[in-house]
Every structure is written in structure tokens, then in C-alpha cells.
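Shown next as C-alpha cells: one chain only, the form predicted alone.
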Amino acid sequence: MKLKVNEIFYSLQGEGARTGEPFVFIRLSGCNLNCSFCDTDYSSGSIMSVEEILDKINSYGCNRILWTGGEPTLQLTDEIVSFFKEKGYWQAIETNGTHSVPSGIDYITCSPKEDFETIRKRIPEVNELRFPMEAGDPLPDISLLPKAEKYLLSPVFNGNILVPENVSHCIELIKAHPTWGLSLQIHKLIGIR
């Protein structure tokens, strides 16, 4: 079992409902979307076996993996998730919702970018939905989306710079629709990965 890995690093989750919690981030290469605001070079990477990945992440002393990308569901399989679960790892994933999530994932963050009405068929339930929002973007229709514990709006940054108009837009939407909450990319604000 092998994966094309862009990078592996140990840090704190910088956004969403689990902000501030330590994770081993495994960023997989490749994505099926081309979002204008993406801040990740997900095209490059090295082929690694699951054993090589395990050797690297064991050194961090943290039993929580966050599979991210790119789009991790393009590579991640039930067998790979099971391998790390057997080794004692709790696993979260950040996905754009264009593919089904492998079984055994403990926490699902879905950050849809398109085709909102089809996501529920692939992923009926998630832990959090996190929407990147720019000033003027409409609020997504919750009735079309997977059921979630948390519904979050995330103002799009300009690189590592907070865009006040995007933040203000999210705040106004949340105040008018209190089912939603705010997710800032704190890692960019405090200068960590």
C-alpha cells in the first residue's frame, strides 16, 4: 500500500471545530478541483509506503492523524485507514466531498466547493461542514447538504492575510442564520503550519 505524499508535519489544527488540537498532518498529493483561493501546492510529492509513513509519524508521539490534501479521497482507501487504526491512530479527514470517504475515519470535515446538491449522496453525514466564503457569496442551502454537527463559514484569506470584507460578510450571514458558526484560519494569524 503506497500513497503520494506532499508533506507530513506535526502541528495544531488551525481551523474548524477542532482548532488548537495537535495532529499529525498527512497532506496527500493531487486534487480534482482547481480553486482560485487554494493555498496548497498539492501537485508535488513522494511515493511512500504505509510502513514508511508509520515510521515517520511514530516519532511525533501523537496518535491523531489528519488526512488532508489536495483531495485525500483520491488516494485513501479502507485498507490504508484500517492499517493506521490497527496501529492505534485516530483519524480525521478534510475532503471537498467529491468522493466517498473511506470507512473507519473517525472525524469528517467536508469543505464543499461545487455541486453541493450531490454531496449528500456520497457522504450523508459529517462532523463539520466548513465553507470558504468571499464577500457576496450566498449562504449554502443546508437542506441539500450532509447532516453535520457543526456548520461553519470560513472567510477566504489572501495568502496569509485576513480579508476584512470576507470576515464581515461571514459575520453578517451567521448573525442572520445562527445555525452557522465562524471558522477563522488561526494558523495563518499566529504563523504556524
Ligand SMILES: Nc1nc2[nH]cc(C(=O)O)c2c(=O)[nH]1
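The structure displayed is predicted, hence computed values, not measured ones. Numbering starts at 1 and runs along the sequence shown.
This protein has a second form, the form predicted in complex with the named molecule, left out of what is shown; the following refers to that one.
Between the named molecule and the residues L12, L182, A17, L173, the one pair within 4.5 Å by heavy atoms in the predicted complex involves L12. Within this chain, K2 is remote from the site of the named molecule in the predicted complex, having no heavy atom within 4.5 Å. Put simply, R64 is far from the named molecule in the predicted complex: not one heavy atom of it is within 4.5 Å. Among residues of the shown chain, S29 is not one whose heavy atoms approach the named molecule to within 4.5 Å in the predicted complex. Using a 4.5 angstroms limit between non-hydrogen atoms, N127 is distant from the named molecule in the predicted complex. Looking at 82-117, the one residue that comes within 4.5 Å of the named molecule in the predicted complex, counting any heavy atom, is E94.
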